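There is one chain below, alone, in structure tokens, taken in the form predicted on its own.
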Amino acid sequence: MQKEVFVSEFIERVSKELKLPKRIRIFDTTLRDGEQTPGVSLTPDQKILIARQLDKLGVDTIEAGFPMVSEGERKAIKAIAGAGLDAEICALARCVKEDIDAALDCDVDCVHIFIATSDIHLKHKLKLSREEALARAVEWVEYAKKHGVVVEFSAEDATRTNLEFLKQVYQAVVKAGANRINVPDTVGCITPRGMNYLISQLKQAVRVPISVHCHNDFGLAVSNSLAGVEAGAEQVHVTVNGLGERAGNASLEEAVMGLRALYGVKPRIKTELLVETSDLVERLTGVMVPPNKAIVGDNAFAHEAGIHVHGVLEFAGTYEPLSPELVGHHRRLVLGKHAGARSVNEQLKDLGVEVGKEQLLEITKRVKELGDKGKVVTDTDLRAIAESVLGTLPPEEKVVELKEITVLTGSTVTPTASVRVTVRGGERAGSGTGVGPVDAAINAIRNVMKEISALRLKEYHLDAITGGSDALAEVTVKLEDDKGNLYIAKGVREDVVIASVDAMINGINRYFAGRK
């Protein structure tokens, strides 16, 4: 079996020194914290669709929502709880009787109870003392446990809470019956080293599984989550695509693959479904995944630079730390200004197009020219360029070559073109006017080449290859001589005039080749 992960030996050395949990639970909160992403609001049917996908993916717990938000939210949570999924279904509740009753009424397996414990939240939000917050936490954990559900307790803003008070709170709720405790980095302000220290301290204070819930305000959500696992946390809260309040939560796909590839810990996740899951959530929420998003972004396994492409084609591990197939992705070779002949050739082979060495160099040159102008060359573009080059005679058989063309046009100016060409090695220059820039350019060529006076432009056809304002122009011309012989040729360029001139020059060369 082909190796799927290629990581540093330094990671392997360090990982051997860690006492990692044998199993890490994945607690997905896409349907709760993820839906709190500004602008995102899912219908009950959409929530059920995502829940089924998460269950198929293999997450351990699905936090289906916050019942007190709305009646529609309650119906959605209840429907998810009754859908016969393998995952544990959880609902969020504050330390308030109405919240917990609403969660219980949804027939969920787990109630996630929370109360803020940091002095900043107690003073400015809850207007409670530490003692009052502690009493409420214990009271409502006991209440929920009496109803036979799994209870996970969160001390909101844990990473800004006094450590000794935090230990006191967690010890008290565990004594009251909490099955798991969760450590939220509510505003994403802890560091990996800080999270490692915090979880290490809590591991000594409680004997139930510890979970981490990290926000991404400083871009550290996944790093802090993994640091928590290094210290012994047995569960990670995540969202698909890193959705969530403000800058979002720890990304499911990044956390899972970080655990699997970098730590050798394999959560109960079917990783080959990660991209499929990401795509579904992207479509239903309308929040687009950035192309450079790790693991699931369009560019996660895309290569443009010639050096990189060469390495990947020789051995994938040179520039891919893990196999794209492992996460349901695919490798993509991107053609642009950094492309090399080898990557162009590989793309042509995939398209079923075979070219010679000189033709490949010409195609690569044109690809780079387009890349210099900011265009990414698609497969359709490449095929058109290749067909144009394949339809061009070899250099030694060309009679005419274009050296330079200048076109002047405007609303008050008669379209005028000036051209410089070589004919059998001799240089000629001239100009012409026309009803438009293309007509002027073709007339300029005719004016400097009296020997093609018998050639008539029988047909001219223009196509935009891929659509959009930066589409390549594909021009096909059909020339007819005085004996009725036809010469069909193409030109493919980003500029319609240049594409037209290329097509005309190619057709003229075919005309001369046919007279030999």
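Bear in mind that the values here come from a model prediction, so they are computed numbers and not experimental data. Numbers follow the displayed sequence, beginning with 1.
Below, we refer to the form predicted in complex with 3-methyl-2-oxobutanoic acid (KIV), which is not included among the displayed structures.
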Item to complete: Name the residue from 182, 364, 271, 216 that puts a heavy atom within 4.5 Å of 3-methyl-2-oxobutanoic acid (KIV) in the predicted complex.
Response: 182
Worksheet item: Quick one: of 261, 92, 407, 386, which gets a non-hydrogen atom within 4.5 angstroms of 3-methyl-2-oxobutanoic acid (KIV) in the predicted complex?
Response: 92
Worksheet item: Would residue 156 show up as a contact with 3-methyl-2-oxobutanoic acid (KIV) in the predicted complex if we use heavy atoms at 4.5 Å?
Response: yes
Discussion item. Is residue 170 part of the interface with 3-methyl-2-oxobutanoic acid (KIV) in the predicted complex - any heavy atom within 4.5 Å?
Written reply: no
Discussion item. Since only the chain is shown here, I'm wondering whether residue 285 would be in contact with 3-methyl-2-oxobutanoic acid (KIV) in the predicted complex (any heavy atom pair within 4.5 Å).
Written reply: no
Fill in: 4.5 angstroms heavy atom contact with 3-methyl-2-oxobutanoic acid (KIV) in the predicted complex for residue 35
no
Worksheet, complete the sentence: Testing 345-353, 184-192, 422-430, 74-82 against 3-methyl-2-oxobutanoic acid (KIV) in the predicted complex with a 4.5 Å heavy atom criterion leaves exactly one stretch, namely 184-192
